[in-house]
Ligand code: GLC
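The chain below stands alone, shown as structure tokens; this is the form predicted on its own.
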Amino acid sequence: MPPWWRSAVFYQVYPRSFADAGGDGVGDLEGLRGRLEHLRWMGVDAIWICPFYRSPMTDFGYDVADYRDVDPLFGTLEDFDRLLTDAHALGLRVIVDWVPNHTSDQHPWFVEARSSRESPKRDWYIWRDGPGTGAGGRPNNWKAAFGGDAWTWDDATAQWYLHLFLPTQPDLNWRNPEVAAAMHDVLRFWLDRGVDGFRIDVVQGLTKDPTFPDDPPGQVAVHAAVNDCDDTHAVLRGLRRLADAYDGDRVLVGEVYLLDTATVAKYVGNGDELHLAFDFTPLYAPWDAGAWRRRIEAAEAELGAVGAWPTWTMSNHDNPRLRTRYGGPEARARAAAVLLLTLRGVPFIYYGDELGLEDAVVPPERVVDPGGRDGCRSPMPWDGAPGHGWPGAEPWLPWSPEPDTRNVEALRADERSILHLHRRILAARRASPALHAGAWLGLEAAPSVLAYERSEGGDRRAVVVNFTSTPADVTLAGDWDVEVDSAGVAEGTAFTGRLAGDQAVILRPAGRGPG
């Protein structure tokens, strides 16, 4: 029997911005627990929760000071246990973010490591001498994410330490078996509590070339975006063995931020490394039928070559929301939802995309993120009241546009809304083996249109997406009925072969009911 995650739809929750039960303007675990019914009603299968661990929050939780506790900003371990219990009772799986490439500089491991060159935890991090202590004396020319160099000088011990991200995020040394053992214990801590798996941050960064060579002159990428060391695969095989020792098909989903699908496929290995690996190349594809067809065909060929099951996402906490990135009317976001949720593989919905949210406009005085990602992290609007379902203090970031009308309560009351469209697509996907498990085959269509068929056994579906605002004609073999229409107007009727601008449809063979 295939593991649960192969047919699942994941929903990414950025906890600071999802729901606030405490009234301090910051989302928390109790707030999320109180809104689980929204996710069950939509029809998603699993939740990915971004970091909620104890942290100084210089990178909003991706600088972890204690992997085994909840930051008071988000609640308590008991709150997490209640959330997990309630989610499971509703049939929702839960995976949590795990950040193994680096810790906070306030983590006790690093505090001990920098106390002395003779510290027993010194080798838990990456320390190097350089030709000098000045700006030109770093061990190599690697650049950090968010700007600046990837090395910081430590006055107390007179050495440089490596950080692929902020100086407050020193990189762990995964070549030290004590680090691996300690981090395996962290995973066991959460697996023993019952989590269904992990989204693993910066997988490609876990090991570095031990010679620390300079990056080529003129390279524009930060080092985290090009680091790809063969030794990381042994680390991943160890993590996979650990996860597979637990029952319930626990899943490891890796952030492999290397913009080459064939390279990403290596991190699945021979079915003995990651279960799923994020391929972010589609995040950089324009809203263009030809570009998307090429990206899908590359995923089919390159991930398929190693038996990997693809993942798909159009938004996340590090990138502009799909509606902002693609531009155009809401109709385009509706068409994008049809595309995302009907491709072969595992889709990830970013919270709020089901409402058609755009990035918030954040004035300079409210900018807080070092990477400039505040706009895509705006608070989730739950109703049309002044606080939009957030009690007490004003939320930590501004609202996305139109929160008075673009909120869960208002869109749930409107059966023609983009929220209901997501629910209809997810219902169609769940009922159709072709959509949640079937093969993908591209079909001939006009340059402005992407058309493909999904099939599994005797079940077939066709999906047609018009990427432009101009109407288009499509000729498909056989007769088809409209099962889901992004505009919500043609469902249950025969497909005429005519698409309006920015329209997408899911089709089933004529005369066949759902499923």
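These figures come from a predicted structure and were not determined experimentally. Each residue number is its position in the shown sequence, starting from 1.
Keep in mind that the form predicted together with this ligand is not shown, yet the notes after this line are about it.
Self-check item: Residue contact check: R199 to this ligand in the predicted bound form, 4.5 Å heavy atom
Solution: Output for R199 is yes: heavy atoms within 4.5 Å of this ligand.
Quiz item: Any of the heavy atoms of F146 lying within 4.5 Å of this ligand in the predicted bound form?
Solution: Within the cut-off, so yes.
Quiz item: Is D359 close enough to touch this ligand in the predicted bound form, meaning at least one heavy atom pair within 4.5 Å?
Solution: Output for D359 is no: heavy atoms all beyond 4.5 Å of this ligand.
Practice problem: Answer for H420 alone: is it within 4.5 Å of this ligand in the predicted bound form, judged on heavy atom distances? | Solution: No, no contact at 4.5 Å.
Self-check item: Stretch in contact, per heavy atom within 4.5 angstroms of this ligand in the predicted bound form, of 289 to 297, 162 to 170, 260 to 268, 229 to 237
Solution: Going through the listed ranges, the match is 162 to 170.
Quiz prompt | Candidate from R138, H388, R412, R373 lying within 4.5 Å of this ligand in the predicted bound form - any heavy atom | solution = Here the answer is residue option R373.
Exercise. Select from the listed residues D79, E255, D249, D71 the one whose heavy atoms reach within 4.5 Å of this ligand in the predicted bound form.
Key: That would be E255.
Quiz item: in the predicted bound form, which residues of 95 to 124 put a heavy atom within 4.5 Å of this ligand?
Solution: Residues within 4.5 Å: V99, H102.
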